[in-house]
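Take a look at this single chain in structure tokens; it is the form predicted on its own.
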Amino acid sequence: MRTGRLALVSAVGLALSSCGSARPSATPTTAASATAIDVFAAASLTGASTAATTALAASAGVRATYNFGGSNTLVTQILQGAPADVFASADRANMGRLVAAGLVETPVTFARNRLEIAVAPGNPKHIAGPADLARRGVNVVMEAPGVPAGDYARALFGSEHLGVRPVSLETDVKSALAKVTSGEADATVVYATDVAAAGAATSGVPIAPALQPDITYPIAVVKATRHRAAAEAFVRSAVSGAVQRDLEAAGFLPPR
């Protein structure tokens, strides 16, 4: 769902929103005069850190409004004409839909991630790996088909011939994780950054490197933007040293 103009953003939000310009102006731009852009970003980019930061007032000249959600949902919104300036996806497949439709410029990879099993604090079901998610009596929630984290997890289960039967399918990683932190489910598969962001509300069970899919985050300017210079600067800065350091601190992996 559309989050509207945020009063606070997460550290990852700041990492992305600080992508105002590769060359900041000598005189800081006030929030009122900064160029406003709409950034449609994967839900896994919202809560990678519990440390809240003040919304970008843009010394670089950009003020970002975020629409966080499942990458597939955001793509559908853009295909239907939603006014986005920049799109950041949690996978190549959803970005590819917009590339095929001719709606975005050439994407660039700005981060990677890895899957992790989120369980109740203390891991009361003694889940040690993906195979345990197929055990009787373990209530698993997953993201719906088309949501990158869910698709990554389904591919993993398929490769290992695991018959995992979710009790519900959620719209994005945040909704899936909320089922676990609220006690409505025993486990879900989300990103390692989501588990870290949840803090004491959940425990994480690592997934072996050999089972990890290639989780890549591409970002691109939406061709219909009316603020091309600001959108292009935002995308350029997503791969800058400063932003990459912020993303790494939040648990993301650097692009290859």
Partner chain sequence: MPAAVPAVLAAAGVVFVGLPLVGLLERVSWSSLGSELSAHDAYVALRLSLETSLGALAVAVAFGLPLAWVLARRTFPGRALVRALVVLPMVLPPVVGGIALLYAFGRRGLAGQLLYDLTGWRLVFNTSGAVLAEAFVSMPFLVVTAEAAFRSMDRRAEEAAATLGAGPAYRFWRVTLPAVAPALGAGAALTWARALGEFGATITFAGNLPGVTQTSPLLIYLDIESGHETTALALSLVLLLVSLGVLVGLRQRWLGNP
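All values derive from a computational prediction rather than experimental measurement. Positions refer to the first chain, counted from 1.
The protein also exists as the form predicted in complex with the partner chain; that form is not presented, and the subsequent description refers to it.
Contact check for V141: a heavy atom falls within 4.5 Å of the partner chain in the predicted bound form.
Using a 4.5 Å cutoff between non-hydrogen atoms, R114 does not count as a contact of the partner chain in the predicted bound form. The closest heavy atom approach of T106 to the partner chain in the predicted bound form falls outside 4.5 Å. In the predicted bound form, T76 approaches the partner chain with a heavy atom inside 4.5 Å. Here the chain stands by itself, but in the predicted bound form one stretch of 156-164, 127-135, 98-106, 179-187, 179-187, has heavy atoms within 4.5 Å of the partner chain.
Looking at 143-171, the residues that come within 4.5 Å of the partner chain in the predicted bound form, counting any heavy atom, are A144, P145, P166, V167, S168, L169, E170, T171.
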